[in-house]
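The chain that follows stands alone, in the form predicted alone, written as structure tokens.
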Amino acid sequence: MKKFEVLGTGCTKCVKTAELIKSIAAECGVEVQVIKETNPEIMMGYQVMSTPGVTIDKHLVHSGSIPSKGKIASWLK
């Protein structure tokens, strides 16, 4: 199971990103864990300056916008 963290303040974009990851994972039949991380210290540890940020298994893969459906699907493979 892949562990996703959505890094952000809880804004609409961050919530939408977490929902999108869960939705696409369900469509692909992939089990994922999605955590919303709002702690600024953790975000700075990943050097995320623009949210939402997305990590997979503790590796930053995206930041600054809502990722596309295609990009999320590629992370699930």
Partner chain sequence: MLSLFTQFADWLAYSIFGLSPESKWGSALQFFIEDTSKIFFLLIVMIYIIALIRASLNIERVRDYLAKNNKFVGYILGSFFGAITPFCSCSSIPVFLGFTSAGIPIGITMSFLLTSPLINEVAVLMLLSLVGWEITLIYVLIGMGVGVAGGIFLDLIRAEQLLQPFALKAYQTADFSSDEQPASEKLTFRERHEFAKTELLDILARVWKWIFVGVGLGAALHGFVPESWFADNLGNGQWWSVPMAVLAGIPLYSNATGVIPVMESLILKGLPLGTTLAFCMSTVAASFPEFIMLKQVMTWKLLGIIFSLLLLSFTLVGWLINLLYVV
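Numbering follows the first chain given and starts at 1. Just so we're clear, the structure is a prediction, and the values are computed from it rather than from any experiment.
One more form of this protein should be noted, the form predicted in complex with its partner chain, which is absent from this view; the next part is about it.
Student: In the model of the complex, does residue 62 have a heavy atom within 4.5 Å of its partner chain?
Tutor: Outside the cut-off, so no.
Student: Using heavy atoms and a 4.5 Å limit, would one call residue 34 a contact residue for its partner chain in the model of the complex?
Tutor: Outside the cut-off, so no.
Student: When the contact criterion is heavy atoms within 4.5 Å, does residue 23 count as touching its partner chain in the model of the complex?
Tutor: Flag for residue 23 set to no.
Student: So in the model of the complex, does residue 15 come within 4.5 Å of its partner chain, heavy atom to heavy atom?
Tutor: Residue 15: no contact with its partner chain in the model of the complex.
Student: What residues of 2-26, in sequence order, lie within 4.5 Å of its partner chain in the model of the complex by heavy atom?
Tutor: Stretch hits, in order: 9, 11, 13.
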